[in-house]
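Form predicted alone, single chain, as structure tokens, below.
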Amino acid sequence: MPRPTPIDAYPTKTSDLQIDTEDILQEQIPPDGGGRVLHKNAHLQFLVRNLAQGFPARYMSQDASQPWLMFWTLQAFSTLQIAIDPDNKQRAIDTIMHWQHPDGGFGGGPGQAAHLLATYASVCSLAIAGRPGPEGGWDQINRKKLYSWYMSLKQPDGSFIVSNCGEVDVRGIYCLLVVAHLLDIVTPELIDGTAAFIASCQTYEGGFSSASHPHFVDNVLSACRPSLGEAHGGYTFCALASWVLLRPYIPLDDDAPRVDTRRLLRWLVHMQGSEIELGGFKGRTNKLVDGCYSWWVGGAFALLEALGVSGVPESARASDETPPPRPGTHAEDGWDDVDDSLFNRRALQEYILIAGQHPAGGLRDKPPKNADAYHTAYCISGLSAAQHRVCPSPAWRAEVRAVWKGEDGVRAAAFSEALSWTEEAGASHVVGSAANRVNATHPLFNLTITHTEGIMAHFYKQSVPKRVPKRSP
């Protein structure tokens, strides 16, 4: 029996719940040591029911989140390597376009106010199901009005409110930056000051909060502008991804904003649960593990690697070779890392496979909770992050830049940097049989590489070099 989480002599509801959760998780482990099987067919049926028949009545509370329900479903199909037939793609496109607001952006449903988060989910759904041409969705996006709406949300400190009269939130900033990069509407005016705001949201723990104090905006106090709230897995992923997206445009001088990657790394690695918690991730300090943080925290490590923080030796990364395992380590030997990752990839996969899957299909926070669309999407994306190492490739970036047509500048940087990510040959590690393998997903966008390349090539009017799969040595 693994060692339980230490407790003191003063039990609380939180510590009692932690003990109960550990007991429940241990009960999920099959006595024969098996059970590491991804039940793709059961999850397929769960997703098909939602897409074809509609969501159950309990989803009525999500009426303002219709684009998210669409994106979670479509992206889960994509990551599970399941193709969507043309009729259902067209149904999805027609539905999504009803969410476009006449003044720019997309709302949470027909006739609803435009919102940064709903716009992200709508555009990413179109990246999966849409196409160029009439009724394809892509050419029906009003990018001019979208950009004008974005600029109307911009605040003097470089942040953005999530909707007209809304609040500032780094999740909204991430959603804006993703869509701007996908649709070729990144401009210096749009992103002016945003990197500094993102940096100001880092907390004393190392993770990121939702925003920073709005009154610390003058030149004297901006350097010590305090964050608002505690470090959180969702905010941290969105802030870190935003930082990586903005990094090509940050000047290299002493006054440039900075993120403390060492503190960030320390916080992220401490979010992975112990062996008795099956290696799942939690979203905040002293909270319970939750399947959705398989992506929000587990997916953040690839972003750290893009900043040069990696557990892989530089010599191995430069030669596209997987470093040899340490003496005495093997893929099936308990919790030994076999690839020098910054987090325990095997443990995360086991949490998803053992605790995350609902017997009736779909994935969940943890037992005994029900499956839902949100956890299904992010558990599968987290499984992808644990199976594949996707990172920027200088060689591939050079190939993409070499075929760029037009002037160098923000557009060229946005295109080449976003498409420089590639799966490292020989670095995948799949727990269980090969049938458990899912598609690799882009660490910045949570779309497959294919869908990312397709929509960006269209809007930037560029070609993308053909990827030649590398064989493992």
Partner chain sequence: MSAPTADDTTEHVFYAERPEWADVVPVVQYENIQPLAPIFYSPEYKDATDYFRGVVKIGEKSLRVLQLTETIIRLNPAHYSAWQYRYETLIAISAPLQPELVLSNTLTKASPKTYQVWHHRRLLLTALGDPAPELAFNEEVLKADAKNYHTWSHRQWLLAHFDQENLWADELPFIDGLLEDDVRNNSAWHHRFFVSFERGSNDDKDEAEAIVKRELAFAKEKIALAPNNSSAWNYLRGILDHSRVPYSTQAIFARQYIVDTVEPRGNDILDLENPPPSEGAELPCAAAIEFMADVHEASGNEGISEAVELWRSLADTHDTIRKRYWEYRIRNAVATTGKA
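Source: prediction; values computed, not measured. We call the rigid core the largest set of C-alpha positions that still match within 1.5 Å between the two forms. Positions refer to the first chain, counted from 1.
There is another form of the same protein, the form predicted together with its partner chain; it is not shown, and what comes next is about it.
Of the candidate stretches 240-248, 399-407, 269-277, 354-362, only 269-277 has residues whose heavy atoms lie within 4.5 Å of its partner chain in the predicted bound form. Note on contacts: among 181, 115, 388, 375, the single residue with a heavy atom within 4.5 Å of its partner chain in the predicted bound form is 115. At a distance of at most 4.5 angstroms from its partner chain in the predicted bound form, none of the three residues 151, 187 and 426 contributes a non-hydrogen atom. Taking non-hydrogen atoms only, residue 465 never approaches its partner chain to within 4.5 angstroms in the predicted bound form.
Contact check for residue 286: a heavy atom falls within 4.5 Å of its partner chain in the predicted bound form.
In the predicted bound form, no heavy atom of residue 370 sits within 4.5 Å of its partner chain. When its partner chain is considered in the predicted bound form, residue 14 lines it closely, a heavy atom lying within 4.5 Å. Along 76-103, a non-hydrogen atom within 4.5 Å of its partner chain in the predicted bound form is carried by 88, 91, 92, 94, 95, 98, 99, in order along the sequence. In this overlay on the rigid core, residue 463 has a C-alpha that sits less than 2 Å away from its partner position between the shown form and the other one.
Once the cores line up, the CA of residue 450 ends up less than 2 angstroms apart between the shown form and the other one.
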